[in-house]
Ligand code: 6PG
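The chain below stands alone, shown as structure tokens; this is the form predicted on its own.
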Amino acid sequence: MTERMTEYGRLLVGPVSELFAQAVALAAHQHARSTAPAFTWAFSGGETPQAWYRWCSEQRSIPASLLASAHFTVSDERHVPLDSPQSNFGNADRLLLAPLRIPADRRHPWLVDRPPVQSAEAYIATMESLVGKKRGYDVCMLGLGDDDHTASFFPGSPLLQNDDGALFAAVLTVEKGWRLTITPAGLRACGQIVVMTMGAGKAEAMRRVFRDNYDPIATPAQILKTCAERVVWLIDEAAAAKIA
């Protein structure tokens, strides 16, 4: 595995199995040093996280001490039922949290049975009850879309221009409908941000993020530059091919 510092955070490039293990190691390290009232770990959506869930479940890779105390959620969510295959939390629950028998009181989905804005308000109340106001996740996992989106920041998103200081929000997107998401302010309030992106299909998006001029309105993942000191990218060789 190779490592280098960039203006968008620390970049680790290596084989998938090593990157999967590194994601666990980063969370365990953050857990060991956390002083938060409750340790919160937010997962992401997409195919790579689902493969990581299966790997973690099969390998029993997450330390018992972390499993015994962490509170689990997702950094963004579609406004769909939890049993939908499109639900980020639903997939995390089915593939990882349920197999590991995480108690229900430490699983925190967005309340998608409510209207989007009310769902976001309820989620904010839940997070504040766990860790207090103006504190993000201890570990926030993100991915990178082919259109350079991360979390639910799509090109042109109003959250990239002004999130009013809220850490979480509901946002209506033109093509994706309602999404529930951490905000840029929320990212800056997190302890550690882990971006896991793999496969040749992500190479062009990675090139735009790391090589194009800074314009997060057009290239949303570039917003991570504003909190680069706490960002770690876990990227395989195929995804990193165009930024060498």
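All values reported here derive from a predicted model rather than from experimental measurement. In this text, residue numbers run from 1 along the sequence as written.
Missing here is the form predicted together with this ligand; even so, the following discussion is about that form.
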query	finding
Proximity to this ligand in the model of the complex (heavy atom, within 4.5 Å), stretch among 124 to 132, 108 to 116, 167 to 175, 71 to 79	71 to 79
One residue of Thr183, Thr48, Thr40, Thr219 in contact with this ligand, assessed in the model of the complex (non-hydrogen atom, 4.5 angstroms)	Thr48
In the model of the complex, Gly90 touching this ligand (heavy atom, 4.5 Å)	no
Interface membership of Gly143, this ligand in the model of the complex, 4.5 Å heavy atom rule	yes
Residues within 4.5 Å of this ligand in the model of the complex, restricted to 158 to 191 and counted by heavy atom	Arg179
